[in-house]
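Shown next as structure tokens: one chain only, the form predicted alone.
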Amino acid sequence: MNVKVNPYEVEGKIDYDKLIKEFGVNKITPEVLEEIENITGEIHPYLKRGIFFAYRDLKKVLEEYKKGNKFFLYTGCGPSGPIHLGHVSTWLFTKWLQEKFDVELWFQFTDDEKFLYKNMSYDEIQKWTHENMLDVIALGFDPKKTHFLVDTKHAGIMYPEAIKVAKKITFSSIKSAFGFTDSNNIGSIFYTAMQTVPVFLPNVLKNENKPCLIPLGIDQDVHFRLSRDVVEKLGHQKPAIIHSKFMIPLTGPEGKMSSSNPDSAIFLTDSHEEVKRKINKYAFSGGRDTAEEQRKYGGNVEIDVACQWLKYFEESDKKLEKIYEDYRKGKLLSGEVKKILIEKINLFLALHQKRRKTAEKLLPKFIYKS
């Protein structure tokens, strides 16, 4: 299978070191981690375990922060279906950044993008925008420091800035970056300009000049490769970016989890029984054909989905390493690792679903009032 990594297609076995070279980003080194730890007092497990692995201009933002110049965070959600665990990993890390650095977050819901790219009605997209907002709120972001931007709802403040970006990006650049052809609708060609706006919009609204830091999946980087120089030409700072790897799908150790394949994903609204069923039935195993062989030869942690997913849900490094060691030695069977994962995910979902029931009341506090 050909390897594809862009905002609209992720396929194949991803070589992240190769992506670092292709995209021109920097690898997160122990020195960068030490710098973060010196400021925050700790290192998030996603950083220690290489889930967030690369960056653009992160060092500059950290240096400014140490001088007393705070940045703001920007991330987002494309609302076209239910939220799955792959989405959540980026947002949980963003929440940690918000808390540790005590900064504001601007969260963009790209309802225009999904309407333009998906075979769905405008009303369907609005329904998912609302549902996705509830899930984001349920993760526990600070409502006083978190501002939701919905592209169509906030067009009045976003569009005047988007056309300034759009004027400086050529059609040929968009076609080259995304592989577009003449059959792409004109809205999709314009969209990168809208995705760029939150990079500097808070500064426009508040007459400030703070740096922006964007936590995102590496597949989204192309939007900002196109627009970072444009942003600077418009008199704003280039955004810093911190890139994450993809949470692999249940069905195998390649590609990324997708809402379009329900068997590949765990959704935040899944019941405990559904989580158990999906993991037991679909989670790709790195174990042997029989329990006897597994006990004798051990399993392959690197391709075992349950083992890899535990990087996201087992907070203790010691416990995670013990699970890996026992699996490699055959002391743990695939079914036993799956059981550990099921318990971890269901604990997370139980709390999330409880918070989600009260999220509707909090929604007005999150939507930016322009």
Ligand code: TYM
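Nothing here was measured: the structure is a model prediction, and the numbers come from that model. Quick note: we count residues from 1 along the sequence shown, nothing fancier.
Note that the form predicted in complex with the named molecule isn't included here; everything after this is about it.
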If contact means a heavy atom within 4.5 Å, which one of 220 to 228, 281 to 289, 294 to 302, 119 to 127 is the stretch that engages the named molecule in the predicted bound form? 220 to 228
Checking a candidate spot here: are T75, H87 and S244 all in contact with the named molecule in the predicted bound form (at least one heavy atom each within 4.5 Å)? yes
The one residue among F200, Y191, F141, F93 placing a heavy atom within 4.5 Å of the named molecule in the predicted bound form is Y191
If the cut-off is 4.5 angstroms on heavy atoms, which of these, L268, V136, V275, I214, is the one near the named molecule in the predicted bound form? I214
At 4.5 Å between heavy atoms, is M257 in contact with the named molecule in the predicted bound form? yes
Flag H154 as yes or no: does it have a non-hydrogen atom within 4.5 angstroms of any non-hydrogen atom of the named molecule in the predicted bound form? no
Whether Q237 contacts the named molecule in the predicted bound form should be assessed with a 4.5 Å heavy atom distance threshold; does it? no
I'd like to check something about H147: if you look in the predicted bound form, is any of its heavy atoms closer than or equal to 4.5 Å to a heavy atom of the named molecule? no
Need the contact residues for 93 to 128: heavy atom within 4.5 Å of the named molecule in the predicted bound form, sequence order, or none if there are none. Q108, T110, E113, K114
